[in-house]
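Heads up, the chain below is alone and in the form predicted alone; it's given as structure tokens.
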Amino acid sequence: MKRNWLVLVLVLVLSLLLLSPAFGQDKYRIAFVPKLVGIPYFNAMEEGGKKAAEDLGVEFVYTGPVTDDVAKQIEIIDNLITQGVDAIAVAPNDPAAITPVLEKAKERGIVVMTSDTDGAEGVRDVFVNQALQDQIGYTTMDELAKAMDYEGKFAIVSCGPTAWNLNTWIMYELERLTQYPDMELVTIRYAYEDVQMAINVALDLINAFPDLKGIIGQCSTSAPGVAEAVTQAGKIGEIVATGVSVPSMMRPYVKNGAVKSFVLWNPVDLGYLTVWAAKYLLDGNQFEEGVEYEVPGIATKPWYVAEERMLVLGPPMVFDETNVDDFDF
């Protein structure tokens, strides 16, 4: 009789070990593939992802191409599928090109997400968005208009021409431009996530358009690039630079007067939210329309837009001389 009880106890203990997530399963492996690694913006997202992994008890895998290379990004995602990660979030360099490999991930039972920029809308489970696209575009144009005294010619230096987020922001900037009839967009150029290329492109624009009054750097590398070009050209006070970038890269240009203000959000929080959202879905939960979620570890209350399957971190932030020193990302 005692032997039977012993066998029963051993069976129960074994069953609990096999069923318990704490003992029977490895930690969730949640991967994030940025557009490229090694730039301050995505370094900040990596920092947030690592913090979330520590807080939530998951494993965070951060890997990406060293340039905005679509083919390399696809290869990296394919490798993650082979490794059997539980969730993959990606900031696509090319939303269309990335779709087939994300379909493959989905077929393997992997939670598929986009973060920072969207793509594969028919495949991904959720898009973790830093802010509503129209608000980013409107705010950027409003800051440029204010700095230009609401008149004059300006240019845009974007990064990848296929980047969904950048193109969407530009669309809303042009929509907002209709409210500023004395301002004129002269051209849009591309610098491919390369600060030096952005400097060169902006210097070319300054030479080509002698009456230029403003330049938008549309991404985190082109914004400091155009500010540096204004500085090198000796045009501080004549041409204003603005755009979307991180305080660590824009601070010198706010200090020297080339930039009056610029736009962003907290990319550390965005990285944190990306990992949190992946675990939330892996735990079997579903996001609900209009719900504001309490996410320990970030300052905002993200909300969900069901029609677009989009989780929004919060509103965009404006940085200027009054607050640029308050942030270290």
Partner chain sequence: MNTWVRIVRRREFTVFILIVILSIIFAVSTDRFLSISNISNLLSQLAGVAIAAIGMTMVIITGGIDVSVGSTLGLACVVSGSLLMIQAPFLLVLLATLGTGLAVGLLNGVIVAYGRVPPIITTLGMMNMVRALVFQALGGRWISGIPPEVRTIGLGKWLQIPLAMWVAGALIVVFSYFLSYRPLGRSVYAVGNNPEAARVSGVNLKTTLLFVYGLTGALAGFAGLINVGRTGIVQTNNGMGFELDVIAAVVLGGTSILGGRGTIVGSLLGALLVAIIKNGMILLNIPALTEGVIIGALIIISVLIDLVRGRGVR
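The term rigid core refers to the most C-alpha atoms you can superpose between the two forms while keeping them within 1.5 Å. Residue numbers count along the first chain shown, from 1. Nothing here was measured: the structure is a model prediction, and the numbers come from that model.
Form predicted in complex with its partner chain: not shown, discussed below.
- Of the heavy atoms in L203, some are within 4.5 Å of its partner chain in the model of the complex.
- Proximity of F154 to its partner chain in the model of the complex falls outside the 4.5 Å heavy atom cutoff.
- For the chain shown alone, F209 is a contact residue for its partner chain in the model of the complex, at least one non-hydrogen atom being within 4.5 angstroms.
- Contact annotation for D142: none of its heavy atoms lies within 4.5 Å of its partner chain in the model of the complex.
- Contact here is defined as any heavy atom lying within 4.5 Å of its partner chain in the model of the complex, and by that definition not a single one of Q133, S158 and T322 is a contact residue.
- Checking 52-60, 37-45, 294-302, 257-265 against its partner chain in the model of the complex, the stretch whose residues place heavy atoms within 4.5 Å of it is 37-45.
- Only one of V186, M171, L177, I236 lies close to its partner chain in the model of the complex, with a heavy atom inside 4.5 Å, and it is V186.
- Note on the partner interface in the model of the complex: the residue among V195, V126, L166, V123 having a heavy atom within 4.5 angstroms of its partner chain is V195.
- Although its partner chain is not shown here, in the model of the complex the stretch 237-251 places heavy atoms of S248, M249 within 4.5 Å of it, in sequence order.
- With the core held fixed between the shown form and the other one, L203 has its Cα displaced by at least 2 Å.
- Once both forms are fitted on their core, the CA shift for Q135 between the shown form and the other one remains under 2 Å.
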